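Shown next as structure tokens: one chain only, the form predicted alone.
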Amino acid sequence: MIQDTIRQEAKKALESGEVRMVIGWGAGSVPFKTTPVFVDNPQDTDKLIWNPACTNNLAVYLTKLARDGKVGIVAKPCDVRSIVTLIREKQVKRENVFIIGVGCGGVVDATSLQNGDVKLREITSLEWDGGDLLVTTETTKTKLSAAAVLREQCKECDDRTPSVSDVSIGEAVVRASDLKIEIPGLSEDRQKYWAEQFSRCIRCYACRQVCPACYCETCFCDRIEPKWTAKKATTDEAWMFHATRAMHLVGRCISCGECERVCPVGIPAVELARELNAIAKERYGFEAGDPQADKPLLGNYQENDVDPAHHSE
């Protein structure tokens, strides 16, 4: 069982002294939720769990916890791509991270389960059964299709095996061919769409705080000189914040969807990053989190690169 193997590998790494801590997922207050846990005692590795509700991108903790010593981290393939980005940008040393990579079938959220007519309070376990989610409650077992329960970003993900790991556990569940997200073209309609989305922003910065790629000690929107944006929760100021943040994430966002998960007003922030990443891939052949790329997008100039100043858009 994957969960048992995760615990065994974590315990082995802690007992040998290879790592001083293992970051993973633990049980939440209810079975359909999980929470980050930080295990530093081999006897506590039974707190680590693995199921389709392991949502958090745990790479966000590495810039602080892996700065002065080696830590272990249980990581989904998308989390691994975040780790690759942090290593490439010299925020984390590879030798300071012990990666327990786990093959993934995608993660689900409570809203999708409710849409499947499941009583959340009665759920006792979740697990993938081929391409379906097996939901066990106190009285029944129900199978729900991946299309009905997967988070949006998981529907387009084909990288379900960790690209880099020290220990690899479990097999990936292959994405069904009918699971996909259409990336819309950029137009005036899209500008109107994003203006409507940003008008709901309350400037709580939850999206920034949960993002592994937002590791600046002082964010541009918190600077006094130069002053990039005011703190007012207006559409213009929110547009400045989200548009600038999106530009900072081009070629760096791995579409883990954490920003959308924590947004209290439901702004689809990862959608904008996904559009910009698609442009980066089309024009420069660059994909976020690719372990084969030795430099970040902006540090990887080629003579035949598209010149944005001469582009029609």
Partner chain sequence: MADKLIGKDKIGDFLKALMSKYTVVAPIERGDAPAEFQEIADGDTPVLDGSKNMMPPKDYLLPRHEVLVKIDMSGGETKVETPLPEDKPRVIMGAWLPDAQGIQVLDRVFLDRKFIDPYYARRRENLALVAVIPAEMRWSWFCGSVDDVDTWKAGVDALMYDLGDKFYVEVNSDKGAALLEGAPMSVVSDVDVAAKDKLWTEFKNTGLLPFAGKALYENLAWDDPVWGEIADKCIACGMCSYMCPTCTCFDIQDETCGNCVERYRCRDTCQFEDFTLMGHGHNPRSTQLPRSRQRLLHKFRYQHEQFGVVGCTGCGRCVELCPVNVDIREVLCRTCAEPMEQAAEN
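Positions refer to the first chain, counted from 1. Just so it is clear, the structure is predicted and the values come from calculations on it, not from any experiment.
Keep in mind that the form predicted together with its partner chain is missing from the display, and what follows is about it.
Asks: Give a yes or no for S29: in the predicted complex, does one of its heavy atoms lie within 4.5 Å of a heavy atom belonging to its partner chain?
Replies: Although its partner chain is absent here, S29 would touch it in the predicted complex, with heavy atoms inside 4.5 Å.
Asks: Is V210 close enough to touch its partner chain in the predicted complex, meaning at least one heavy atom pair within 4.5 Å?
Replies: V210: contacts its partner chain in the predicted complex.
Asks: Answer for T35 alone: is it within 4.5 Å of its partner chain in the predicted complex, judged on heavy atom distances?
Replies: Within the cut-off, so yes.
Asks: Would you classify D159 as touching its partner chain in the predicted complex, given a 4.5 Å non-hydrogen atom cut-off?
Replies: Heavy-atom contact with its partner chain at 4.5 Å: absent for D159.
Asks: Among the candidate residues L120, A195, A243, A147, which is the single one with a non-hydrogen atom no more than 4.5 Å from its partner chain in the predicted complex?
Replies: Checking each option against its partner chain in the predicted complex, the one that comes within 4.5 Å is L120.
Asks: Of the options K143, K93, R190, R200, which one has a non-hydrogen atom that comes within 4.5 Å of its partner chain in the predicted complex?
Replies: Comparing distances to its partner chain in the predicted complex, the residue within 4.5 Å is R200.
Asks: For this chain shown on its own, do K11, N41 and F98 all sit within 4.5 Å of its partner chain in the predicted complex, going by heavy atoms?
Replies: Spot residues vs its partner chain: no contact at all.
Asks: In the predicted complex, which of the stretches 202 to 210, 161 to 169, 76 to 84, 99 to 107 has residues with heavy atoms within 4.5 Å of its partner chain?
Replies: Correct option: 202 to 210.
Asks: Sequence order please: the residues of 220 to 255 with a heavy atom within 4.5 Å of its partner chain in the predicted complex.
Replies: Read in sequence order, the residues that approach its partner chain (within 4.5 Å, in the predicted complex) are K227, A230, K231, K232, A233, T234, E237.
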